[in-house]
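Next up is one chain by itself, shown in structure tokens, the form predicted on its own.
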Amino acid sequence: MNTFGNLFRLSSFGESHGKAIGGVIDGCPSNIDFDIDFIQNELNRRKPGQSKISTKRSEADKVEILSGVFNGKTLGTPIAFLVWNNDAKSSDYEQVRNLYRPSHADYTYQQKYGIKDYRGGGRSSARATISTVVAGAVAKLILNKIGVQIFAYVSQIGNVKLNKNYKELDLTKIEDNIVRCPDNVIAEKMISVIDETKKSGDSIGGIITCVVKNVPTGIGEPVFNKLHAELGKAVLSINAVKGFEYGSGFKSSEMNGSEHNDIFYFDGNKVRTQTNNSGGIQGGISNGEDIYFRAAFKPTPTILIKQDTVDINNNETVIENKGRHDTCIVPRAVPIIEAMTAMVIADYYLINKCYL
């Protein structure tokens, strides 16, 4: 599937070293203020070459809107957009065109389609997430109208962990450093780990935490298509994500019901919970508390260390990668996590409006 969503839908296209990455957003309501500067800024947070710890591929990633917008407002018709690829160096991949790169999608794409685009991974490249970020930015513009806020941040790189609860953090400080961790002391340690890993030619993974505030009560579905299931599907569709947990997650398996249950109380005339082990979702439906989850990212599979592999002719060989790659993709994935989350929340918000 290259289409995601129910009412608010994104159909994306393009390869890493093709002419462009693009998409069509369908189901966006009309008369939404279309802030192109905001959308471009979201892309700037994702683009390569933005800091010393990201790939040196130099792309402006400037979005062009082709349809669906007039006089600064959405028309309610499909919004088509393009981002041109200008700095693809396909020659970097000539030496691996017939090889299966370890932990990449080369082998599985070859088996499924009988052909693979070896240039930067083709469709399986994280560059395809440009479309996700544009659609997510539009979804955020919808959610702005109801006060929903989405904050994602890096909470772990390798063994360096930010152990504070998100409520102890100033989430407005996420963009204050290049690793996007809202604790500058821990951020410096994370940057050091990435620098040392880069010097060795290796790569490293990490964890992103995401918090969604002011979600209306009652969005989501009760059996299939539960809100947390859709968030899990969305997050696990992002390149390199290997794990997803929301609320108390795996920790809940160690707890008794008496300590895990979120006790209800009245805050004025509003029903609240004293704790939020449910992660803002109960029975697949939002309960009005903060939604929060964590996503685990594997290390970037392209490393500058020789590795054993096989080729398309079933010969055992050795691979030695070249080119421009992120030692750690986690900091650049922060806006992607936010984008997929925004698409899900906006989609389910619009679905819920159909019931009213």
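Everything numeric here is computed off the predicted structure, so don't read it as measured data. The first residue of the sequence shown is number 1, and the count goes up from there.
One more form of this protein should be noted, the form predicted together with another copy of the chain, which is absent from this view; the next part is about it.
Undergrad: Given that the partner is absent here, state which listed stretch (146 to 154, 164 to 172, 71 to 79, 179 to 187) has heavy atoms within 4.5 Å of another copy of the chain in the predicted bound form.
TA: Single hit among the candidates: 71 to 79.
Undergrad: Spell it out for me: taking another copy of the chain in the predicted bound form, does every residue among S54, N214 and T341 have a heavy atom no farther than 4.5 Å from it?
TA: Zero of three within 4.5 Å in the predicted bound form.
Undergrad: Would G220 show up as a contact with another copy of the chain in the predicted bound form if we use heavy atoms at 4.5 Å?
TA: Heavy-atom contact with another copy of the chain at 4.5 Å: present for G220.
Undergrad: Taking any heavy atom pair closer than or equal to 4.5 Å as contact, tell me whether K140 reaches another copy of the chain in the predicted bound form.
TA: The answer is no: K140 has no heavy atom within 4.5 Å of another copy of the chain.
Undergrad: Quick one: is A296 in contact with another copy of the chain in the predicted bound form, heavy atoms, 4.5 Å cut-off?
TA: Flag for A296 set to yes.
Undergrad: Is L10 near another copy of the chain? Define near as a heavy atom within 4.5 Å, in the predicted bound form.
TA: Answer yes; at least one heavy atom of L10 falls within 4.5 Å of another copy of the chain in the predicted bound form.
Undergrad: Report the residue, out of N86, Q111, N98, S192, that has at least one non-hydrogen atom within 4.5 angstroms of another copy of the chain in the predicted bound form.
TA: Going through each option in turn, the one that passes is Q111.
Undergrad: Would you mind checking 298 to 322 for residues with a heavy atom within 4.5 Å of another copy of the chain in the predicted bound form?
TA: Contacts from 298 to 322: K298, P299, T300, P301, I303, I305, Q307, D308, T309, V310, D311, N314, N315, E316.
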